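Here's a solo chain for you in structure tokens, the form predicted on its own.
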Amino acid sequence: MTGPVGASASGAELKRGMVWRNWGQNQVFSPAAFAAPRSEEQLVCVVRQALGDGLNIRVAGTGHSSTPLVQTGGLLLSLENLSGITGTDLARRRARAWGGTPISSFGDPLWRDGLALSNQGDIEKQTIAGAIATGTHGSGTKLTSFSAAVRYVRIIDGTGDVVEIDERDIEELRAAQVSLGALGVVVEVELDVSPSYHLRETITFPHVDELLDRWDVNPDTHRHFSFLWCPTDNAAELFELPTPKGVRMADRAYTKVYDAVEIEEPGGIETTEGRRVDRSYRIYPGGFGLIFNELEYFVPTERGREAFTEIRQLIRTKYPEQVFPVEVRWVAADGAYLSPQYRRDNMAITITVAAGTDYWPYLRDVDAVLDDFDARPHWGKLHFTTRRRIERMFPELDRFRTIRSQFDPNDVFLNDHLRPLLG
């Protein structure tokens, strides 16, 4: 961040002349001003000041989206100073947190209170508000995304008012569960969580033929089942995935199985890679150190095998130079209006590409293949969705737009990426 530092009427520092980059280095822009308020009062004041100055507003998390979701020429906000668990309720299985809380910060505090997040993905650096806004997920045929766990949200809307939404406001809640940040600034959320649980990890390396033979068995017989198909022998190395010596990984999968187990600590803890046993929040995250960009689409579960087979064929015949693993996961249906899982169980296919390369022809061909499967996009990853397509994909789009306009009548929270889709 560069440029002069001033103060808003709220007392929050306003930085000007900064350059913002996402983690994948494919989104770069300079907002008119940047602020990271240190209290809810400062946050409300700086939002109201921006509204008075006629600025559009977007909120940045940790930059793990590949799309220009947070890009703005107005005010860019960070909630990094509004972070931490604000309350738990073991009887109701609920946890509250500031919107800027990283997923990694939930583990220990929830565990001390006998609770745990019901599911997680590979990455735990995202803020909870960002993860919710984009429908971030883990894997499991009976497990939903972070968004589906939201039971309460407090936001600052497009008029500067603080608004609370809970289960008594079911339509507003379904809009807020996956909002792309287009309803307002998320201050605090409450999640439905689980009693604390341990997981047993089993990592295997089956050939794709074995994987396809057991396609309808594996996901349904484990709490978490996912895999990364390796098109070449060195594909696993790109994600720093340990593989057995002497085993060629081309056309094999790095397969992850996590099942809940009852153990006593510390004796029951196992740290051996590939067969760890530990608290759930220590098992889920995986380290992907190399910078990359991603596209991710969701197809109906019943068509998943066919969709994966066609993507595999596309890579093997037309794009053999694309050597990153292809990740496949499962996500249960939910009721959020803009959720890829809206009233549909899905299988997610994640296509990873090297940052800074011309991957667009490849991704466009992937898009064309998966569009035939009624695919829906992951909002935080690269996609080619148009207004016409989302009208087909999301039957409650108009309802979402109506609710959104009530929260943001002057389109303060839309940017050039979202306006054609939601405006």
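One rule holds for the numbers: they count along the sequence shown, beginning at 1. Not measured: the values here are computed from a predicted model.
If you look for the form predicted in complex with a small molecule, you will not find it shown, but the lines that follow are about it.
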Only one of these stretches, 351 to 359, 31 to 39, 54 to 62, 384 to 392, has heavy atoms within 4.5 Å of the small molecule in the predicted bound form; which one is it? 54 to 62
Candidate from Val299, Leu110, Leu180, Ala336 lying within 4.5 Å of the small molecule in the predicted bound form - any heavy atom: Leu180
Tell me, out of Phe292, Phe205, Phe308, Tyr152, which residue has a non-hydrogen atom within 4.5 angstroms of the small molecule in the predicted bound form. Phe292
Exercise: Ala50 in contact with the small molecule in the predicted bound form, heavy atom 4.5 Å: no
In the predicted bound form, does Asp169 come within 4.5 Å of the small molecule, counting heavy atoms only? no
4.5 Å heavy atom contact, Pro325 and the small molecule in the predicted bound form: no
Using heavy atoms and a 4.5 Å limit, would one call Val162 a contact residue for the small molecule in the predicted bound form? no
Is the small molecule in the predicted bound form close enough to Ile123, Gly184 and Phe288 that every residue in that trio has a heavy atom within 4.5 angstroms of it? yes
